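As structure tokens, one chain now follows by itself in the form predicted on its own.
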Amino acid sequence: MSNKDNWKIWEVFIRSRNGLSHKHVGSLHAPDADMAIKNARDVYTRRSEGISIWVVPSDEITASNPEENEPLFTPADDKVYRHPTFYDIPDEIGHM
């Protein structure tokens, strides 16, 4: 896979600090996962912005169809107990 025409597109996720979630920061081309991580390090963490890098082949990501969002997300609206407004939070708990 040394021919650049055959390189995969990789989605890059960076975690900036412990305790935070990884966030999508962009995409890049690379022949394999090891090179994708090295390229992501060079491109997206030049100023020590991250402590962890994830790379995922773009063709391995499956997404929902925005046109079908109503049947996908509507059932959750029927379950009021899932909404935080359903519960009384004691004052001693503080910020939640």
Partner chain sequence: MQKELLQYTLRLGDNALILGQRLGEWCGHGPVLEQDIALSNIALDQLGQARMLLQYAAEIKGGDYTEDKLAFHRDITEYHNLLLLELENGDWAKTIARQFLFDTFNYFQYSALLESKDDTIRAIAQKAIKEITYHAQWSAEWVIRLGDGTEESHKRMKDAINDLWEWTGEMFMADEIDTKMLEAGIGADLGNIKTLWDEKVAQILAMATLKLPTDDWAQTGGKQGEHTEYMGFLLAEMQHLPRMYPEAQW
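Residue numbers count along the first chain shown, from 1. These numbers were taken from a predicted model, which means no experiment stands behind them.
There is another form of this protein, the form predicted in complex with its partner chain, and it is not shown here; the text below is about that form.
At the 4.5 Å threshold, heavy atoms of Ile51 stay clear of its partner chain in the model of the complex, well away from it.
Its partner chain is not shown here, and in the model of the complex it never comes within 4.5 Å of any heavy atom of Glu70. In the model of the complex, at least one heavy atom of Asp42 sits within 4.5 Å of a heavy atom of its partner chain. Among heavy atoms of Leu28, some come within 4.5 Å of its partner chain in the model of the complex.
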